[in-house]
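The data below hold one chain only, encoded as structure tokens and taken in the form predicted on its own.
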Amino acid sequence: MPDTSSTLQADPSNARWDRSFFGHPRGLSTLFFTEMWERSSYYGMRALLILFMVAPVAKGGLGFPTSKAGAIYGLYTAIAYLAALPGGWIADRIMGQRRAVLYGGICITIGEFCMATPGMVPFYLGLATIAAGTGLLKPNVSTMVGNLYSKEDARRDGAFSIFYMGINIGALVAPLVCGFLAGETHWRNGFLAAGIGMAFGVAQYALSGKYLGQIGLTNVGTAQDRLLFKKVLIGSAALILLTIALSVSGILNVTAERISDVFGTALLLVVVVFFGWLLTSKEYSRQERSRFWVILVLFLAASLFWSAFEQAGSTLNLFAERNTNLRAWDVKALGENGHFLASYYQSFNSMFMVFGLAPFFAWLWVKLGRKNPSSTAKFSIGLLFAGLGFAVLIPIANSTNVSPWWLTLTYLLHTIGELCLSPVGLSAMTKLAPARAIGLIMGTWFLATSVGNFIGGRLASLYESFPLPLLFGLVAGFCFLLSLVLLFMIRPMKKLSEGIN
């Protein structure tokens, strides 16, 4: 076997010869640990966010009503993923994926430290900075994973499943660590821990970037692109700072709910305009536009899935704290430190993945070989399990002090659904996208997550004013309906994708 240490990363097609990281290229380890630390930071903070906002001021919280906290939560998570769209463009045209990931990690670190600082201005500034950093890092680290392989490489889906393990190791540990440090009153300690974790991720990425070779270093931007980027960056930063200052001072009398409504309308317009341009642009060939229709269908399915799944940090987090008997799982031998906290539930999804499900699915997709279901079929299965996760809660939705096993079952079903959809979707985007627009298309995938997060946050704001059985039933029903629709679209989708799907 030839020595690939120097030539492997310069030409991604040569990745088939490198099997030094569990049968995969060594560069996968760099991206694996970068994403692990970034997700650790994100999920550690997310596990606390809505609980911190609704907690009374006397207990270290912000004392927001649930309607306001849900709106802010939905806005933040939606913007964090919406930022992946310009983040992909910036990488494609301005700085390349490599530097975009580095700068994104630095922004997230700064944002987490802002969250750990008392005061409303640092709180909102921290949310804005983390969202911007996530938009730079998320789409581009995933893009580089795809670039390690040729489109025909059978290890591709398995690589994204391994990559997903990195996400879930971070998401497993972080809510436990951040939740333990935050307790029920020391919330800012949890945010500080999330910032320290991201700092480790940035250091790891900088030190092990050599294993990526030339991947992510190139861009095709023009001088006009760079000038436009600088103007937009300065203008956006000034607008964000001015809005935060005016809002906190009370001069700008707007509510989180109103901002959320405006953002929701703008988000819908972004989706319509973006896909309208993508499907009609003469910049792309007929074959490429045909594949964009596949991306649109998968986008809609993923948006609905994430609107259900991402309620883990909002609606289900509130259900854990207000309707679940958390004391049933206290470890009394540890005294006060043995209390089981609502934030700990945020680790369950990743616990199921790390301890069995993710390795099983990574093995399963390879084992099935030619019998491997299409991406559309896997999406249908994912939506089915997302719906089941909410359906099981309907009978006990109005109860209080319910057994913690109910939510445990919900998270198990959602985890199965996620593994059928999320890593498969990441892989599908990298296969369907034209090489010159792969960052932009990866941003499209995270745009679906943005839409889902926004809807999930708005649903959380209805927690106190809407019957929970009806709320859970509507979510489950829409998931079941679209799952059925996708089953009938498997053949047309294969035809549109011309064998790739």
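Heads up, when I say rigid core I mean the largest set of C-alphas that superpose within 1.5 Å between the two forms. As the structure is a prediction and not an experimental result, all values here were calculated from the model. Counting begins at 1, following the sequence as shown.
Unshown form predicted in complex with ligand GLN; subsequent notes refer to it.
- Partner proximity in the model of the complex, defined as non-hydrogen atoms within 4.5 angstroms of ligand GLN, places exactly one of 37-45, 65-73, 23-31, 472-480 at the interface: 37-45.
- Residue-level contacts in the model of the complex: of A358, A132, I167, A320, one residue has a heavy atom within 4.5 Å of ligand GLN, and it is I167.
- Of the candidates E112, E418, D92, D157, E418 is the one whose heavy atoms come within 4.5 Å of ligand GLN in the model of the complex; the others do not.
- In the model of the complex, at least one heavy atom of W306 sits within 4.5 Å of ligand GLN.
- Contact check for Y81: a heavy atom falls within 4.5 Å of ligand GLN in the model of the complex.
- In the model of the complex, ligand GLN sits within 4.5 Å of a heavy atom of T449.
- Core-aligned CA deviation for C178 between the shown form and the other one: less than 2 Å.
- When the rigid core is held fixed, the Cα atom of S142 travels 2 angstroms or more between the shown form and the other one.
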